[in-house]
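Given as structure tokens, the chain that follows is alone and in the form predicted alone.
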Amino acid sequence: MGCDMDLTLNEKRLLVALEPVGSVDAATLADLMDTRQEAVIQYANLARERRLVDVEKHVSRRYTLTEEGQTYAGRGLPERQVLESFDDEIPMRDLQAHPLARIAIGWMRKKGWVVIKNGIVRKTGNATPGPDEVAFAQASENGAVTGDEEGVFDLLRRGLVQEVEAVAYTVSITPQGREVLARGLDLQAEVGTLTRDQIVSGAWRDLPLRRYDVTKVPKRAYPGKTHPYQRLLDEMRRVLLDMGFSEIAGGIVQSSFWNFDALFQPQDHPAREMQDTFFLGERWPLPEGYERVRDMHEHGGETSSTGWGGAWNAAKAKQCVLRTHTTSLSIQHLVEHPDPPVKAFCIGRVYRREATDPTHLAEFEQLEGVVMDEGVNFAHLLGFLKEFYAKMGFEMVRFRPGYFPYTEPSVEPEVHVDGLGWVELGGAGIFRQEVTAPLGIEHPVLAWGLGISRVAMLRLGLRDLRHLYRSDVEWIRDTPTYSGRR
């Protein structure tokens, strides 16, 4: 009687259904109990833990035609169809007119059915159906083929069949289960949900309540969720919007003028060489007033700078590139909005010719920010950066001197990460006069660039940058939707 009280109603119904048959497959048992097969398996696993039933799992595999395979069903593999489309020989040019020629010619040669010489395709007379054709004919006729013979694997490699796994369960009552049945079972319906009236009136005390095992781990649910890297990008975007910045965007193709020259990068700078930049065949015209940038490069223009010297090449400035940084968008935004205050940021992909390894990719995301206003200075820059990193969960921030062609003074922010120490996360500075003066920008400009992928690796605990771009469903499922840092 004690065991009866411990059983759920569904377990009792399962034992009753098994009593006359002893052992039966789950599908049949589901019909006997008038329920779903998945539910029967769930009830059986609960009863198995009490040793009242045994559950056996049977896995079988069969191979069915893919969508491509179905297009050939009844007519044969492409090489067989093409082979039967001509007599003993045919010019290659005529044979290539057959719609399946691109697939079939290589297979006919591989199987030794034809030889090609002087532009003529000749049959060898040896075209006996192989294991792949036998298996394909069986699949075409029966809708599926079983077994692991060579022919099936050939069709799998060609993408003409696909593996389908079928799982079946057999449920058998044990001697312990029959003992429980012999003592009798109360099959009175259980109450799983109480109403308000039952609670208020106290009637719940006399109801047969469904028993729940609170120690059991429920079935894991996998709701739709945003990719962890995208969540981090959205978090950065929200932090900057909350700090009063506006977001800007632009094309990934930029002229060398905006990507390099307008930022006072000399035309012989190593970053402009082929090993660092993806150059395109397109050339875009130079903007109006480009001469001031040219003069700045050659002799410093109307400022006290001496420039880079030499002759500035307009053709080189016109050549288009895949942007190597998003600073090219920031400088154009400042030209279009010359009146302070300006607080803008951009999160975008940039491209550089890097050798792919766990910490480098040829394309990656960069966060760019600029502040232009009257009286802003280096202290304001450090304050903006420290506030941003703090909101991203990095409380310990320090700055060390750095060098960049278009900012002075320049710094490289570092954050402290437990177990790693101090990690450099970007570059920042104040735009040099050589950048702002030729473009008519009259007020100080604070600027910084952040490699987002490095922040992502730290926040997500990754050791390989490439993991951010892989379709790893298990990793996406296991990564919490909230990091708890903010």
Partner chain sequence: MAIIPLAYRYMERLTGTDRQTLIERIPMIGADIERIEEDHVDVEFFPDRPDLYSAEGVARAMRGFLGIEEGLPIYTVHPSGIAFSIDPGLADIRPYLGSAVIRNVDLDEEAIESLMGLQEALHWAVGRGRGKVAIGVHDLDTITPPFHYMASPRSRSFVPLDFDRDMTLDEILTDHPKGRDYAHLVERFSEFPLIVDANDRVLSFPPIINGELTRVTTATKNILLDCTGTDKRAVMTATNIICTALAEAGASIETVTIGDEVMPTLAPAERCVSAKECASLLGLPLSPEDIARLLERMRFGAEPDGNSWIRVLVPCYRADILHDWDIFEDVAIAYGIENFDATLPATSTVAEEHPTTAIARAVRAVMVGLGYLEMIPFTLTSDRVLYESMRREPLPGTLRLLHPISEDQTVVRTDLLALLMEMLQANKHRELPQRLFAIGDVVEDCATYQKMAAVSIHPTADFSEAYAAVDVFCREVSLSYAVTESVDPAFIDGRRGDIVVGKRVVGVFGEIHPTVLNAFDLEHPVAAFALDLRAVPGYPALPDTPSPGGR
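Numbering follows the first chain given and starts at 1. Here the structure is a predicted model, which is why all the values come from computation and not from measurement. So that the term is clear: the rigid core is the largest set of C-alpha atoms that superpose within 1.5 Å between two forms.
Absent from the display: the form predicted together with its partner chain. The rest refers to it.
Student: Want to guess which of 281 to 289, 180 to 188, 89 to 97, 133 to 141 is within 4.5 Å of its partner chain in the predicted bound form, heavy atoms only?
Tutor: Selected stretch: 281 to 289.
Student: Please tell me whether the candidate spot formed by Asn313, Gly369 and Gly461 is one where all three residues come within 4.5 Å of its partner chain in the predicted bound form (heavy atoms).
Tutor: Judged in the predicted bound form, none of Asn313, Gly369 and Gly461 sits within 4.5 Å of its partner chain.
Student: If you check Tyr169, Phe245, Tyr72, Phe153 against its partner chain in the predicted bound form, which one has a heavy atom within 4.5 Å?
Tutor: Looking at Tyr169, Phe245, Tyr72, Phe153 one by one, just Phe245 meets the 4.5 Å heavy-atom criterion.
Student: Taking its partner chain in the predicted bound form as the reference, which of Arg353, Arg102, Lys216, Lys117 has a non-hydrogen atom within 4.5 Å?
Tutor: Of the listed residues, the single hit is Arg353.
Student: Would Leu450 sit within 4.5 Å of its partner chain in the predicted bound form, counting heavy atoms only?
Tutor: Outside the cut-off, so no.
Student: Does the 4.5 Å heavy atom contact test between Ser304 and its partner chain in the predicted bound form come out positive?
Tutor: Yes, Ser304 sits close enough to its partner chain in the predicted bound form that at least one of its heavy atoms falls within 4.5 Å.
Student: Residue-level question: is Asp31 within 4.5 Å of its partner chain in the predicted bound form, judged on heavy atoms?
Tutor: So Asp31 does not count as contacting its partner chain.
Student: My question is simply whether Pro266 lines the interface with its partner chain in the predicted bound form - judged by any non-hydrogen atom within 4.5 Å.
Tutor: Close contact exists here: in the predicted bound form, Pro266 approaches its partner chain to within 4.5 Å, heavy atoms only.
Student: For the stretch 366 to 397, which residues lie within 4.5 Å of its partner chain in the predicted bound form by non-hydrogen atom distance?
Tutor: Counting only heavy atoms within 4.5 Å of its partner chain in the predicted bound form, the contacting residues of 366 to 397 are Asp373, Val376, Asn377, Phe378, Ala379, His380, Leu382, Gly383, Phe384, Lys386, Glu387.
Student: Under a superposition restricted to the rigid core, does Pro218 display a Cα displacement of 2 angstroms or more between this form and the one not shown?
Tutor: Yes; Pro218 is a residue whose C-alpha shifts (by 2 Å or more) between this form and the one not shown when the cores are overlaid.
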